[in-house]
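A lone chain, given as structure tokens: the form predicted alone.
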Amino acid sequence: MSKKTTGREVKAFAPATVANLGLGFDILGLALVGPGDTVTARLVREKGVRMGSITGDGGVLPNDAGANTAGIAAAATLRRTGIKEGIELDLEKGLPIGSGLGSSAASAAAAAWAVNRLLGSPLRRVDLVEPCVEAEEAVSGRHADNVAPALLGGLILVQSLDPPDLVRLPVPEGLSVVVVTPDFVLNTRDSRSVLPESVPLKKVVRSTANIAAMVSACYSGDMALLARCVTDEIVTPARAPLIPGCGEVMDAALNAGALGSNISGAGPSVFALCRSPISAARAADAMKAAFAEAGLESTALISPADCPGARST
């Protein structure tokens, strides 16, 4: 054992997420099954937080804990506990960076979870949201639509950030999600830079109605109503031109039987909500074919719409 370590460590995993769901910019997100980020946190003798190894990122992410979402979330979690310890983090990236799958949020959520468990779980799961939001703010803006489902799992509505007020929405039975990720990187900051500074009142009213209808559809299990909600006239029209073939991919999903389709998070991934895994598989094939027509290779992930969040491994 190194003289610098105590031998105590915790490994945690946090999943990929789909944020916005088209209609709920910065307020809706759901966790996915499958890929995610893994963080190992260990106690060390030197106080504070530092990064150890980082793998799976292609050498892109900073080793400075103060500039890495895993390190920022870990430090914020440590401060919130009031416990004076030294912590070293190893980060295994399982999510591509700039993919629209909540990569930075997964790193933050896994780190916050690992640190809290390492210290004996003095904080509740929901208490870890604010440290993760602090980490997200440093790299892509202050929002919780990725970190909340990455931590809590399921479909989450962010009613407020200050203070955090999170609402878990029920998921209609059988609802599945397909997310297709093209071989194309879209920086979150670039994606946010094209957003309109003002929005016509009529579009705001329609967007508000869609969100209200979606909440109703979630509680009633009304798939037909859900299909009429997953539209967006505000953010998607601004971002779609940044993603080759985006409009055609969303149309392909709908033509294949999806309930609705839109951009996942800041993009370039595109998601579709489907009635079943079988319907999701058809949509995935159609969406991949549409990206191919636009000259992009892509990968598809099919997941239940109600999945667990961060956990120890």
Ligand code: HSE
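What you see is a predicted model; the values in this text were computed from it and never measured. Numbers follow the displayed sequence, beginning with 1.
Keep in mind that the form predicted together with the ligand is missing from the display, and what follows is about it.
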Can you work out which of 188, 81, 236, 207 has a heavy atom no more than 4.5 Å from the ligand in the predicted bound form? 188
What is the one choice in 273, 32, 266, 250 with a heavy atom within 4.5 Å of the ligand in the predicted bound form? 266
Have a look at 173-181, 68-76, 197-205, 137-145 and name the one stretch with heavy atoms inside 4.5 Å of the ligand in the predicted bound form. 137-145
Would residue 25 count as touching the ligand in the predicted bound form under a 4.5 Å heavy atom rule? yes
Touches the ligand in the predicted bound form: residue 192 (any heavy atom, 4.5 Å): yes
Residue 16 within 4.5 Å of the ligand in the predicted bound form, heavy atoms: no
